[in-house]
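Next comes just one chain, in structure tokens: the form predicted alone.
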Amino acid sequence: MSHGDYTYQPKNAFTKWLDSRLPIIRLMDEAMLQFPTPKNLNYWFTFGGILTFMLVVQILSGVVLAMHYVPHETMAFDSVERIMRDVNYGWLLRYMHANGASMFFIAVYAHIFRGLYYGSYKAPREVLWLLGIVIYLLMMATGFLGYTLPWGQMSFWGATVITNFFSAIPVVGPSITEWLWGSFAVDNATLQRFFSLHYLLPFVIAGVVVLHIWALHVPGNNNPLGIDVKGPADTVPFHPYYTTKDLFALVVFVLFFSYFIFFNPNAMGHTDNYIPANRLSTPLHIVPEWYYLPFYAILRSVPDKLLGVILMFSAILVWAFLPWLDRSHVRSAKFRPIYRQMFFILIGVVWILGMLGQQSPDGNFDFYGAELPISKVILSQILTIYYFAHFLLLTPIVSLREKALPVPESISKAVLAKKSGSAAVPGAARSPEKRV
């Protein structure tokens, strides 16, 4: 919607006075309420709003928890127990914040894989995609720092193991590790540093989210068909159509979130974290939170620590090159049958890597109670090779060689064809060789 077509008018004297000095209401109305949005968005496109809600929940609950938490190695564990037992509704705040991290990652993974399926990383949305990767990396850092704060056994040893990975960097590795620790080992200085950074980073995430939304409003939303908006007939105002849809999806998500808060609050945690940190007693199996497990499996798939660290970070950074690795002129996997099969294979690979990251590295792979005749290490290596091959080899080749199905001429014609029950509208299909 161009500014010339914009129809906002202040309603009263105050809004007229404010609009002439700080047009914030005009900006919100234009960017959030009247913003023209493709009329065919499905529920997979509601996770952006859910992620914004979860960020607000995490910041507000974290600020209140920080009022009662004591970032000291001799008092941190007891302060968390005090929050649970003595602070009014402290148990609710703690469970909301701890499970909120898992909900945040569930929503972000749905958001990322939706983008992969519908080609939301393709031009002209490259910067939008790159900002999303920055947000994800900041979320990973924030989640790791927060996991250390209860100062239980898994918190302490998880911080020890993960920070030691940086020591594998040639020349500067030991210095970086000591800088992270603030000492010569994980101790009180480390906890205080991690607490400060954990408190700060959510506000950095919020700032990048603003840039992410800004970058979204320049080219507009992608859509399940992956085609460009041809005119006003292809769009509807964001309010009330998508505010209602997003609100319904948010209510369903909050019900799912509430189940874990009230009925199964420790399902996504680790029992060892209810044991105070003890540097003289190592847990039998040190594992990170579930949302890091696929990358943890990639890290452990190679015996060399430096190579493992490089592969772990590369598994995320490779996403940044997708807009240029995928050369197909068709965005949506709905019209790319080979790529669609690759997408679902990738989901399976990531899922099994997560299972491998949760299990001890020795022995054969345990697939839901059934022991398969393949070593966990070998399976991790095979899946790691496939993971990188998917992005660096298969995606470029398939994008150039695959014959895509005809795409609709416009969103409106596709919506009308779907409502009428017909497979297509005469003249609605066009060659995929044209840039969509």
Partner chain sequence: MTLKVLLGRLVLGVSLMFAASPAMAEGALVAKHPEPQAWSSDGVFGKFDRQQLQRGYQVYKEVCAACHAMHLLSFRNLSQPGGPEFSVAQVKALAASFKYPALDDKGEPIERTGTPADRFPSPFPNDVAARAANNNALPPDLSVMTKARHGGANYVYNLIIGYSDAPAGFSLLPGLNYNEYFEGHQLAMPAPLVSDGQVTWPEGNPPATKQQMAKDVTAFLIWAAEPKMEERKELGVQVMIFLTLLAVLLFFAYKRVWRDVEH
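Since this is a predicted model, take the numbers as computed values, not measurements. Positions refer to the first chain, counted from 1.
Quick note: we don't show the form predicted in complex with the partner chain, though the next part is all about it.
Interface residue remark: residue 361 is counted as part of the site for the partner chain in the model of the complex, having a heavy atom within 4.5 Å. Looking at residue 240, you'd find a heavy atom of it within 4.5 angstroms of the partner chain in the model of the complex. The closest heavy atom approach of residue 175 to the partner chain in the model of the complex falls outside 4.5 Å. Contact check for residue 196: every heavy atom lies farther than 4.5 Å from the partner chain in the model of the complex. Although the partner chain is omitted here, in the model of the complex all of 39, 95 and 255 have a heavy atom within 4.5 Å of it.
Site annotation in the model of the complex: the residue of 214, 263, 324, 179 reaching within 4.5 Å of the partner chain with a heavy atom is 263. A heavy atom within 4.5 Å of the partner chain in the model of the complex is found for one listed residue only; from 351, 344, 203, 184, this is 184. Of the stretches 221-229, 329-337, 270-278, 107-115, only 270-278 has residues with a heavy atom within 4.5 Å of the partner chain in the model of the complex. Taking a 4.5 Å heavy atom cutoff to the partner chain in the model of the complex, the contacting residues in 295-320 are 296, 299, 300, 305.
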